[in-house]
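The chain below stands alone, shown as structure tokens; this is the form predicted on its own.
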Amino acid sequence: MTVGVPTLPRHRQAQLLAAYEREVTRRRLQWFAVLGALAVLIAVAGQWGEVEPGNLLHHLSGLTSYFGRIMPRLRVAHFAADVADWYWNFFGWLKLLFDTVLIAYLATLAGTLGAAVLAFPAAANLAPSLSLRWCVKRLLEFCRTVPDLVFALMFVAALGLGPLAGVLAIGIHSFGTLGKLFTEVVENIDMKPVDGVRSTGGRFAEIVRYGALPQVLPNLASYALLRFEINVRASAIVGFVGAGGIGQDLFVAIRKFYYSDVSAILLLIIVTVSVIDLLTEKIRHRLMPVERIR
């Protein structure tokens, strides 16, 4: 018994190939149109925003020369002495760097706890009332819209210089950002456990505790760790306005043109952030169910 493979008539094959070519051409034209529109929008935005690429190219040599000035002079014959001279204030900077990490930790902890509490009444599928949900969402929008640097300036003016201003500024901004992320996680949960707790007469707190929280806890922890990485960098920036941490010394070094100090502090910050990124990445992968399955 022979089995034949059915084939289309030649004219039908030609029609299908022609239709395929027309579709490919149409999609290519769409992509070109989108790219052209983006190019026009970029040009218009640059014109209205007074962005001049020529100015960047004209001063590019100054940027590269600045990086050359902040690099220390390390000689092979006197390598140890040159490194010791480069990091003359190593232990002082290390203490300030530890303060920076503590600022990020406390701010992340405060923002995470606040966001975890308010994410459930802000979620559309769990909110006990529409008015409460509206108020909570507007509060979260305000906290994440105002930059943490602006919050830091406000708290430094109100409370004075020091780490407290940095903790409050980064904590409030983290609260707003994490609240948005946590709310979206809660809105995507499986509602069957929630309906089960609700059918037994459970109150809102019990619905959250037994129906929703077990489903979202790994995601909340993962987002909190990711935010901690971001806050370590942010805590170094808010130090520029006197909110504590190593950012204050970095700002002084930049303003007073202590070039070698700038590179030494920047390298410490980069190494610290890289180590924290690696550690939190491993923890996040262990927390996420999808990662464990893979």
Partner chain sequence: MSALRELLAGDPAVVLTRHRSLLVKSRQRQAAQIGVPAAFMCLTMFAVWWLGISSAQIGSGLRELVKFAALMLPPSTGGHLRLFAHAMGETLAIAFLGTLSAAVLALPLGLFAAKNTTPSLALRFAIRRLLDTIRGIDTLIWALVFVGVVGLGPFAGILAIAVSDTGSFGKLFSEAIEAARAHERESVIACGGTQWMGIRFGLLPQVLPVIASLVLYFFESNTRSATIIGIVGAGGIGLQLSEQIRTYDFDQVSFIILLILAAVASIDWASGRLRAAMIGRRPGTA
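No experiment lies behind these values; they were computed from the predicted model shown. Whichever C-alpha set is largest while still superposing within 1.5 Å between the two forms counts as the rigid core. Numbering follows the first chain given and starts at 1.
One more form of this protein exists, namely the form predicted in complex with the partner chain; it is left out here, but the text below deals with it.
Stretch-level contact analysis of 127 to 135, 74 to 82, 188 to 196, 162 to 170 against the partner chain in the model of the complex, using heavy atoms and a 4.5 Å limit, identifies 162 to 170. When you look in the model of the complex, the only residue of 220, 139, 149, 213 with a non-hydrogen atom within 4.5 Å of the partner chain is 149.
Although the partner is absent from this view, residue 203 stays clear of the partner chain in the model of the complex, with no non-hydrogen atom inside 4.5 angstroms. Residue contact check for residue 226: none of its heavy atoms lie within 4.5 Å of the partner chain in the model of the complex. In the model of the complex, none of the heavy atoms of residue 29 sits within 4.5 Å of a heavy atom of the partner chain. Contact annotation for residue 157: at least one heavy atom lies within 4.5 Å of the partner chain in the model of the complex. For the partner-free chain shown, 105, 106, 109 of 104 to 120 come within 4.5 angstroms of the partner chain in the model of the complex, judged by any non-hydrogen atom. The rigid-core alignment places the CA of residue 270 less than 2 Å apart between the shown form and the other one.
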